[in-house]
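We begin with a single chain expressed as structure tokens, specifically the form predicted alone.
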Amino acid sequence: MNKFSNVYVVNHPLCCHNLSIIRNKDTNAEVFRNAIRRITYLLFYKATEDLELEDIIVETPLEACKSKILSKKKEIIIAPILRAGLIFSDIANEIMPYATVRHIGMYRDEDTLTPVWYYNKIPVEFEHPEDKIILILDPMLATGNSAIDAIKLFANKKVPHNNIRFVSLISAPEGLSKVQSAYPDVKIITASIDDCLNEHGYIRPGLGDAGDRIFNTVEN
């Protein structure tokens, strides 16, 4: 049962089925990536279901009619956390080809479990930050440290917290609690809230290292 506010678990049957595929340690990289892509569509539909719309008039082959499009006043920014977040951005670009992509590069120090930044091409300031919709993408929300740093990056540029969404495959309760404590208005969309973190900061039962399995760099 989801005890967190503003955290949305996508438990669609197709999501559950593909989660089982990516959890399986014997799933190869190609099948793993394809299953993640299928889950990603479902996550993004949930993450974008409340985007602002505006009315327009379109001409069908028969007559003019009222219709709706995404608000032209809002700019959607897709922010994948390198490297594992890249698999999400491929689908995001397909669904929202008009969105802007801003990559964030950080890795986790395995001793301290804190994020180490190595890439940031986000503008120093945003023009009209209140009109930005940010989707931060990272397959695993574990300790929450990387998520908080990524959210802080945009919050410090005056993007309203409720305009920021964090999209993950699997989340740990510890990470969710930490992010919610720091940024309660940030919407989190995930396919599963797992049991806990182990002593190394990995999600249990989880699926192992998402980046290694996506890019087939698992060392035997």
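Residue numbers run from 1 along the displayed sequence. This is a predicted model, so every value here is computed, not measured.
Missing here is the form predicted in complex with ligand URA; even so, the following discussion is about that form.
Looking at the partner-bound form in the predicted complex, is Ile133 within 4.5 Å of ligand URA by any heavy atom?
No, Ile133 is distant from the partner.
4.5 angstroms heavy atom contact with ligand URA in the predicted complex for Ala142
Within the cut-off, so yes.
Heavy atoms within 4.5 Å of ligand URA in the predicted complex: does Arg108 have any?
Because a heavy atom of Arg108 falls inside 4.5 Å of ligand URA in the predicted complex, the answer is yes.
Using the partner position in the predicted complex, report whether Ile203 sits within 4.5 Å of ligand URA, counting heavy atoms only.
Yes.
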